[in-house]
Structures are given as structure tokens and as C-alpha cells.
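As a starting point, one isolated chain is supplied in C-alpha cells, in the form predicted alone.
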Amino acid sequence: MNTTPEASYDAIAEWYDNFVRTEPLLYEVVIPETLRLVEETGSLADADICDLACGQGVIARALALRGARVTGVDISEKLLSLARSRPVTATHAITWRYDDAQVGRTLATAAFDGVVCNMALMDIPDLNATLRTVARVLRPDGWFVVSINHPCVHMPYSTWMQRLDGTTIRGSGDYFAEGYWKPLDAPGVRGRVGTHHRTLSTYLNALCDAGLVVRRTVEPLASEFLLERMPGYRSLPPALLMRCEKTGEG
């Protein structure tokens, strides 16, 4: 019996595929910073890495090109179909699996040297279950690299505003209103599938509870092209990235 929940991204798969390939927040800022954190371990040759909630496989293919053995996991069959349709010439073929990150039923315990989750935790309802999956499938001393919308910038009812001098700022919203919300004025991903907002302390405590210790954090600067489209990021971080290590039992 299929117990994997329906994927909201199936309904927007084609649009989202184009968005990922053309959105400067992703391809000029988040994806390069994510890969940089992954490469802090050194060579990825023959490393076993899980791209959790991999979507159409942008990160998975980049890791495979660096010599890793990559398993991409997602609950969107349509995004996985797009991932499979774009093979990459690499030392190891990528394995694609249809699975729920909150359970990881197809992922063996202690199977991976590292796990990457790129801009996807906000899509997943059960944060704690997902991080338990990460800790379970990691080998001792394994690493976890995650990128998310910065929770101190993107929160329920927050919005971009313009000062009298013409500069753009972010109007704060209800930071403590944790849970699912869908901004009505956002033309991008969140306006289509919504997001699960959590405070920064909720993320950090959930990582600690799962036995994943934060070793490095990055609040990246926006690229010039991104600033042309979204000038408010000149004074705010567009995302939050963390590199964690598994300690103890996890």
C-alpha cells in the first residue's frame, strides 16, 4: 500500500522546474553556498550522499559530477520524472527513489556519509520526524547540510515595503505564529505551495534533539542580479544555511 503523502509540487512541476533554472536566489546564491558547505569535508569522490527532497535533482547532479554516489529522494513523482530525464555523465549513476523524507522507508540505516536538504524543510510538515530520518541514515560522524528560507525574514504576514526615500525593506510579521501559511501576494513558490514557518530556535532545538550539532552557519549576501530583482535583500539575508555533524546516537 502506498502511504506516501500527495506531493504539492506535482501540480506545479513544470513551472517549478523552470523557476529553479532561472531564479537567481537559487542558482546564484543558495545552490553555490550549499555546495561550498558540502565540500568542506574535502573530496566527495566515492562518498555516499543522500539528496533529501531532491526535486528535479539539481543538487544531486552537481554532487555526482564531483564523484559522489548519490541517492535522490522526493515525494513528487513528476519532479523525479524530470530528474530521471536528465542523466549526467559521472563516475557513479544517481539512484532516484520515491519516498517521504519524514519516514525514509527506502533508506537504510547508517547508509550515508552525508545528507543534503536544499530549500525543502519548509515544505515538510513534521520537522522532527525528518531530522530523525537524517540522523538515522547517517553514518557515525556523518554530516548534514541544509538551506532554508531565513525564518527571521520570511514569516507569516511579513511583506516587502517601500520607504519614502524609495528603498525597499521587509515589514516584519508574526514571527511566533508557527505552522503552515500561504502568502497571498507572493508570485513565487510560496504563493503556490505555501510554507511551514518555524522560529530559529525551533530549528536549532530540533537539530540538537536529533543529535545533529551545528558546526557552521551561513547567511549569504545576495548577488547583484538578485538585488536588481529584489533590492530589499541588500540589507537582509535571503536564506540561512547550516552544516551539522551527527554526534552520539542521533
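Numbering starts at 1 and follows the sequence shown. The structure displayed is predicted, hence computed values, not measured ones.
As for the form predicted in complex with a small molecule, it is not shown, yet the points below apply to it.
Every residue of the trio Cys54, Leu79 and Ala101 has some heavy atom no more than 4.5 Å from the small molecule in the predicted bound form. By the criterion of a heavy atom within 4.5 Å, Arg190 is counted among the residues contacting the small molecule in the predicted bound form. Although the partner is absent here, Asp123 lies within 4.5 Å of the small molecule in the predicted bound form, judged by heavy atoms. Taking non-hydrogen atoms only, Asn118 approaches the small molecule to within 4.5 angstroms in the predicted bound form. When the small molecule is considered in the predicted bound form, Leu226 lies well away from it, no heavy atom lying within 4.5 Å.
From the list 161-169, 106-114, 175-183, 92-100, the contact stretch for the small molecule in the predicted bound form under a 4.5 Å heavy atom rule is 92-100. Interface residue among Ile75, Val153, Ala83, Ile148, judged by heavy atoms within 4.5 Å of the small molecule in the predicted bound form: Ile75. Only one of Leu241, Val20, Leu25, Ala13 lies close to the small molecule in the predicted bound form, with a heavy atom inside 4.5 Å, and it is Val20.
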